[in-house]
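First comes one chain, alone, set out as C-alpha cells in the form predicted alone.
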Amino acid sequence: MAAEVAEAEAADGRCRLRRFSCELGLLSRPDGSAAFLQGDTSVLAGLYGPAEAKISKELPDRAALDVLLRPKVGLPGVLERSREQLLQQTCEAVVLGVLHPRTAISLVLQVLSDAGSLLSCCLNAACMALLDAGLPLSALFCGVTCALQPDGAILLDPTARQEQEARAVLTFAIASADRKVLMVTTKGSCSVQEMQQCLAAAQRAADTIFQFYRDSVRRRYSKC
C-alpha cells in the first residue's frame, strides 16, 4: 500500500507546536513503520512482530517488547539506552501483550535529525508505527516536550537552542484515555507548581496531536 503523508500545524494563545508531518508504511520489511517530523526533528520507526521469540527472551504470559534507538551517527551511548528504557516503559503500558504470549515485538527507531524535542518525536513515531502494524492497544500515546524558561514562561515543542537556554526541560508521554501520564522525564530544576503547569500545557497539546493521529490514519486508509 502506498504511504500517505499527513501534515499539521497547531498554534493558539496557549499551545504552539512546530509544524509536524507523518508518513505511514514507508518501509516494506517491518510489519509497521512511520516517519515522524516535528519542525526539523525527524525519526523513522519500524515495528517487527509479533514473531517467534528466542527461548531466552520468551515470556509465558505476554509478548516480550524490545526497543532499539539508533543515533544519527555513531553507536548508541548512555543517553540512547536511557531513552530506550523510557520508550519501552511507555509502549509496554499500552500494548496488549497478553494477547500474544511467548512472542517477540521489536521496535527500532532511527534518528534522522535532531533539532530539539527528540524524545517526544521518538514517542510519536513509535505510536504511529504501532498503529501502522495493527497491534492491539489499550490506548494511544503521544510525546510532548516543555521547556521552562528562566522567566517562568513555558515553551512547547522547543528547538535544540531553546532547550539549551531553558532552566528545565520536561517530556511527557500522555495516553489518549483520560490524558493519563504514562511517563515523565525532567532535566534541570523546577518547582512542583511549575511541573503541574507544564503538564497542563502538555495535555492541551496532546489533544492536537491525537487529532493529527486520526487524520493521518484516515488519510492513509481512505484510498484503500
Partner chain sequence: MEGKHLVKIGCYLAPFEGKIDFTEQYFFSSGSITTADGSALVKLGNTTVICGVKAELAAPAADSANKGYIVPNVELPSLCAERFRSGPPGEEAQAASQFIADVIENSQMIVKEDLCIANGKLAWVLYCDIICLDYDGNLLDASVFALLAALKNVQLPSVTINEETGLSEVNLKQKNPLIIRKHPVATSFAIFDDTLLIVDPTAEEEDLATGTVTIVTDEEGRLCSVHKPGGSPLTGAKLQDCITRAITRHKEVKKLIDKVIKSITPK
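Positions refer to the first chain, counted from 1. Everything numeric in this text was worked out from a predicted model, so none of it was measured.
From this point on, the text means the form predicted together with its partner chain, which you will not see here.
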Proximity of Ile55 to its partner chain in the predicted complex, heavy atoms at 4.5 Å: no
Exercise: Ala93 in contact with its partner chain in the predicted complex, heavy atom 4.5 Å: yes
is_contact(Ser113, its partner chain) in the predicted complex, heavy atom dist at most 4.5 Å: no
Contact label in the predicted complex: Arg70 to its partner chain, heavy atom within 4.5 Å: no
Partner-proximal stretch of 157-165, 37-45, 22-30, 186-194 relative to its partner chain in the predicted complex, 4.5 angstroms, heavy atom: 186-194
Contact test, all of Ala205, Thr208 and Val217, partner its partner chain in the predicted complex, heavy atom 4.5 Å: no
Partner-contacting position among Ala153, Leu75, Val98, Val78 - heavy atom within 4.5 Å of its partner chain in the predicted complex: Val78
Residue among Ser106, Gln149, Thr103, Gln89 with a heavy atom within 4.5 Å of its partner chain in the predicted complex: Gln89
